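A single chain comes next, written as structure tokens; it is the form predicted alone.
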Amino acid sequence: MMQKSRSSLVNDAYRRLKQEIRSNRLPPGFHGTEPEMAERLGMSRTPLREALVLLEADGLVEMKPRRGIYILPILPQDMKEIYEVLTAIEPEAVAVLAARKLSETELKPLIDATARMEQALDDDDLEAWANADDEFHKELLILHGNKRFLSIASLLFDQAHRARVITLRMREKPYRSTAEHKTVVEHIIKGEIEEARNVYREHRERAGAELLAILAKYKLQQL
């Protein structure tokens, strides 16, 4: 049996730990030692340490000398800044796509993501809904084609995803959000630039305000 290369082990550790953090199986505020985490992953500490350096750059963990690994908390100010950046980037990306008058075939990744969001709501699977929502936003920026937009936003998506997973059951089911995604796609197909931009901006602003209100109400800022 072939042994995995060092880079492969690092990528594997990075991917697995990021998923544990995004899903809050490693929750905000969690402390763990390197030996504990290495045992959790079933690998040596060297690839683990390199993966943690990457996750620290992503803004998800902090490596504390002699104290181990700390999963960073979800802070209202962080979420406010994240949503401000996304609200600046994504509506303009939507407007660009509408100007291109993309076909339904070209927009299939977005259409499929909204279909999965609807199915997740029917199944009462909010984690699946959050994953489909993430997919929509990533595919949107992939279609736009600006790699720097995608790189910046991807880091923010990972940080925001944790907050959404925690708060999804503290608010009404996201039927309205799902409908807004579908409306944006319809405007893009019709080439309605301003309508697409405005609906998307209002969607991001509303979603951000709802999240911050929940963080404040339930005092989740230390999560």
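Don't overthink the numbering: it's just position in the shown sequence, from 1. Please read all numbers here as calculations on a predicted model, not as lab measurements. C-alpha atoms forming the largest set that superposes within 1.5 Å between two forms make up the rigid core.
If you look for the form predicted in complex with another copy of the chain, you will not find it shown, but the lines that follow are about it.
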| property | result |
| --- | --- |
| Heavy atom of each of V53, M63 and K147 within 4.5 Å of another copy of the chain in the predicted complex | yes |
| Partner-contacting position among R40, R49, K173, K182 - heavy atom within 4.5 Å of another copy of the chain in the predicted complex | R49 |
| Heavy atom within 4.5 Å of another copy of the chain in the predicted complex - residue from A115, I142, L102, V85 | V85 |
| Answer range among 102-110, 74-82, 115-123, 130-138 for contact with another copy of the chain, defined in the predicted complex as heavy atoms within 4.5 Å | 74-82 |
| T167 within 4.5 Å of another copy of the chain in the predicted complex, heavy atoms | no |
| Contact test in the predicted complex: L156 vs another copy of the chain, heavy atoms, 4.5 Å | yes |
| Contact label in the predicted complex: R197 to another copy of the chain, heavy atom within 4.5 Å | yes |
| Interface membership of I89, another copy of the chain in the predicted complex, 4.5 Å heavy atom rule | yes |
| Rigid core superposition, M63 Cα moves 2 angstroms or more between this form and the one not shown | yes |
